[in-house]
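Shown below, as structure tokens, is a lone chain in the form predicted on its own; questions about how it binds or moves come after it.
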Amino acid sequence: MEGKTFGETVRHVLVVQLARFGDLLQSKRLLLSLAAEPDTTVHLCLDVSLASLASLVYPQVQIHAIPCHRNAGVAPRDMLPLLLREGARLAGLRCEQVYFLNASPLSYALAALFPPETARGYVRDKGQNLRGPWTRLAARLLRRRQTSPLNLVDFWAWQHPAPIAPEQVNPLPGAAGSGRVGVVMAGRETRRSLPPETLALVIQAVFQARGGPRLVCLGSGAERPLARRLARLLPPRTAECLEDATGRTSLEDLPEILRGLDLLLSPDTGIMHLAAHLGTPVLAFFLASARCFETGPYGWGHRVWQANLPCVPCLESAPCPRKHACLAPFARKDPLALLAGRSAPDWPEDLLGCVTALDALGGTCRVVDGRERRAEERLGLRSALGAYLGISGLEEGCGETAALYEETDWMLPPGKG
């Protein structure tokens, strides 16, 4: 398709999502909102390594693959010609709107191919890298990570003037009835994943509560040593029920595997977001740089354990000065007892037990065990953000609407006074 022809009523819109696996799934609300518009063809530009999965996840969207990352399978000498060719093809679509979701140099380079008035999110105009008003405001809130009030799914979705209702994004979680529990060994950032020693305690509690289910280890080949170590740490009866599928499943195989699970245990990973997309129940573990109020599984009824220390969320690239103290809460006896189906009278202060939920703004997490640090500020900012978007009825907190803005937001454009 090369844009509109005589008599054609279809309009074209493009979403440029150049990040990785999890971000592809977290773009869902925006993509579905665009696809719901009458007579609209939605195009998605992404890394070539994710093209096959994207076609499975978004069959209503036209996929355009370009090499963005080192694992794209394209020789370095071929990358620039391929990018130039694909960029010209995207520009030839003559899209009425183009949504750039990333602030990367490649994203800005692609933005230069489109008229700036059609661009949303990150814009290239007269040689300058710019951000749209919503992107500036929301990114400002997301920088204050202990109080950031917005799920990443909704950060991208509210670039659309009227995104679909949050309830339309992912199905309600429901067990497959297979007696199988999936275990994601680690995410791309290993510091925010539970080590095998801690994960073994969690698995054993789930194993007891569910009467001895089959366990399936999921991950890339790089996680295979972790899976072997995990098997050695489990009691013999539990280890006998463990299947190591690390490095033996492709991204395209994952949807079928996840549909067949009663539960997925996972850190903040793309597999977790794919499970939520499919309606597979999730128990997620968030620590270090991961924060469930920002990137938790989207939808109703998933469970999350969130480390609740003053240093969380941290900067992943900086050394940890506290010897990874945020790992300790996940091994405490009371949460593990509760997970195993026993009473837990003393929930630790350094851990939150949450259930994912939805409101008029989008996805959130409701704390059911423990007490969130700075909860009032986060809820206040969420309420103020709702007012900015014309949404009422959000849970109130003590945040101030002025916190949404900076001095430059009040400046008049040149020549206006």
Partner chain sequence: MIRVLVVLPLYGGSLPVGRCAARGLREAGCLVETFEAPAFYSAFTALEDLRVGAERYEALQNAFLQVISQAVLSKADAFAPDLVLCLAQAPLSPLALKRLRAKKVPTAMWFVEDFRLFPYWRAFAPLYDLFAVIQKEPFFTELAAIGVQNVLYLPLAADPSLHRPLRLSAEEKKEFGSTLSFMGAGYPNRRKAFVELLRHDFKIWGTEWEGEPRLAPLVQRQGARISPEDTVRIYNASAINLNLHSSVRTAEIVSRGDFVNPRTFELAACEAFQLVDQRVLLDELFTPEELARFDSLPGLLAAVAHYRDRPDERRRMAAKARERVLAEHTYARRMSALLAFAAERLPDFGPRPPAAWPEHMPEDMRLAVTRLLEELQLPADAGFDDLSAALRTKNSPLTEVETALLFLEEWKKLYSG
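Positions refer to the first chain, counted from 1. Remember, predicted model here, so these are calculated numbers, not experimental data.
Below: the form predicted in complex with the partner chain, not depicted.
S.K.: Just one of Ile271, Val183, Leu110, Ala307 has a heavy atom within 4.5 angstroms of the partner chain in the predicted complex, so which one?
M.R.: It is Leu110 that has a heavy atom within 4.5 Å of the partner.
S.K.: Quick one: of Pro115, Gly177, Pro321, Gly341, which gets a non-hydrogen atom within 4.5 angstroms of the partner chain in the predicted complex?
M.R.: Exactly one residue meets the criterion: Pro115.
S.K.: Are all three of Leu83, Ala91 and Gly127 close to the partner chain in the predicted complex, meaning a heavy atom of each within 4.5 Å?
M.R.: Yes, the whole candidate spot contacts the partner chain.
S.K.: Answer yes if any heavy atom of Met79 is within 4.5 Å of a heavy atom of the partner chain in the predicted complex; otherwise answer no.
M.R.: Because a heavy atom of Met79 falls inside 4.5 Å of the partner chain in the predicted complex, the answer is yes.
S.K.: Is Leu106 a contact residue for the partner chain in the predicted complex, using a 4.5 Å heavy atom cut-off?
M.R.: The answer is yes: Leu106 has a heavy atom within 4.5 Å of the partner chain.
S.K.: Given that the partner is absent here, does Leu18 sit within 4.5 Å of the partner chain in the predicted complex, heavy atoms only?
M.R.: Contact check for Leu18: yes, within 4.5 Å of the partner chain in the predicted complex.
S.K.: Spell out, yes or no, whether the shortest heavy atom distance between Ile66 and the partner chain in the predicted complex is within 4.5 Å.
M.R.: So Ile66 counts as contacting the partner chain.
S.K.: Exactly one stretch in 191 to 199, 210 to 218, 116 to 124, 235 to 243 has heavy atoms within 4.5 Å of the partner chain in the predicted complex; which is it?
M.R.: The contacting stretch here is 116 to 124.
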